[in-house]
Structure formats: structure tokens, C-alpha cells
Ligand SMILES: Nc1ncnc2c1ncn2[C@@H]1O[C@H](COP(=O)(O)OP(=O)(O)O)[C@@H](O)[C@H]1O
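Just one chain is shown here, as C-alpha cells, and it is the form predicted on its own.
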Amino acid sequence: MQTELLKSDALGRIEIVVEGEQRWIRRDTRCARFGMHWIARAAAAREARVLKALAGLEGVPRLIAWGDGVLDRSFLDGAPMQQARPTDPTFYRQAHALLKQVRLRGVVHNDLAKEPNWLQREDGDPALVDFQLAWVSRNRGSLFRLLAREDLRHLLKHKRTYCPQAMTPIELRVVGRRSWISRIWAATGKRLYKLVARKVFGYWDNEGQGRVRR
């Protein structure tokens, strides 16, 4: 068995594990920094719950195993959005359809402002990774719907960046209509979060051959 480091930060290590012709992603929280183990395990446990809820859905990782602080999930080939820079409107239509399927499973991602959480796979289709901040809920009430709308708004912001010619008037209105959660977040904790995320936790997921943070 061989491993390739993708990211190492306060919450542990993320590696590609290769055994024969098989490869998968391992999130190991056992090496989290002192005092951070409970946060790391809670985040990994949340991701495991979400991946169970999304089992069988194309375009998201498959949960292989979770236990003793180690989460194994399937590897998704692809390039992160900031590298792929998708300009084909089809990509965004498919990404929107994927978000709808995720929402039908009772899941909101909550971290789609980060381009590395979107992959463009080798066949051009979109995929989603990094569900540590996601939320799975049986009660799809007003808060759930608001957060799902924020997931869509972030996707459309990326579309506006890389495929602006395909933006519709309705999509432009959605992008410009920030929710109260988004406004409060921008006015309060966003700058501190970015600082902590970049300096302590790491700000990107490198599954699609992005930057390695050690």
C-alpha cells in the first residue's frame, strides 16, 4: 500500500491511498494538532453521515469506511474548478442538476464558494467534494431551503466568472440577491474565517491535483 499526501493541516492529513489497481481518499484525523482532535473527528463524522445520505449519487464520493478517526472515500478523477476553468454552459447545467439531486437527498453543501470543492471530471461532468460543512436534514424547512439557495447562488457566481455569456437574467438576479445569512456573514465573521482557514486549517481541497499544503 502506498500513500500520496494531498493536504496536511490542523485537522489531520488527507491522502490518496493506492493498493494494486485500487485508489481512494483517506482523511486521517488521528494526527490532528493537540486540542483539535474533537473538531477533526466531528467534521469527519459529519462528512460520513452526509456521504451515506448521498450513497449511489453520481458526481459525489462514495463512503468506503469510517471509524477510529479515519474516513475512507472513493477517489474522483478530475481538476478543481480554478484549474479547469470550465467555459461550457453544459457543465453548469449539469452542476445545477447535481445540486438538485443533492438537495433531494436532504443535503446542503454549505461550502461551494470554494472553487476547489467543484471538480470537472475527465469526461467534462461536474463533481462535488469536501462535505465537512454539509448538513443533512429530514426537515427541509425554511432554513434548509435558504442554504440550498446559497449553494445555487455560489454555483452561479462561478458561472458568472468562467461562463458569463451564458448567464440568464434570472441567474443574474439570483447572484445579486444575497440572503440575510450571507449579508451577516460578510459583515462579521468572513474575514476571520478566511484567515483561520488559510493559516490553520487549509483553504482548499487538492483531490484534483491542486496545491499540496504541508
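Every value quoted in this text rests on a predicted model; they were computed, and no experiment measured them. Note that residue numbering follows the sequence shown and begins at 1.
Heads up, the form predicted together with the named molecule isn't pictured, but that's what we're talking about next.
- The named molecule in the predicted complex is approached by P80, whose closest heavy atom lies within 4.5 angstroms of it.
- Although the partner is absent here, L76 lies within 4.5 Å of the named molecule in the predicted complex, judged by heavy atoms.
- Looking at P116, you'd find a heavy atom of it within 4.5 angstroms of the named molecule in the predicted complex.
- When the named molecule is considered in the predicted complex, R27 lines it closely, a heavy atom lying within 4.5 Å.
- Only one segment in the set 84 to 92, 137 to 145, 122 to 130, 97 to 105 has any non-hydrogen atom within 4.5 angstroms of the named molecule in the predicted complex, and it is 122 to 130.
- Counting a residue when any of its non-hydrogen atoms is within 4.5 Å of the named molecule in the predicted complex, the hits in 1 to 37 run L6, K7, D9, I14, I25, R27.
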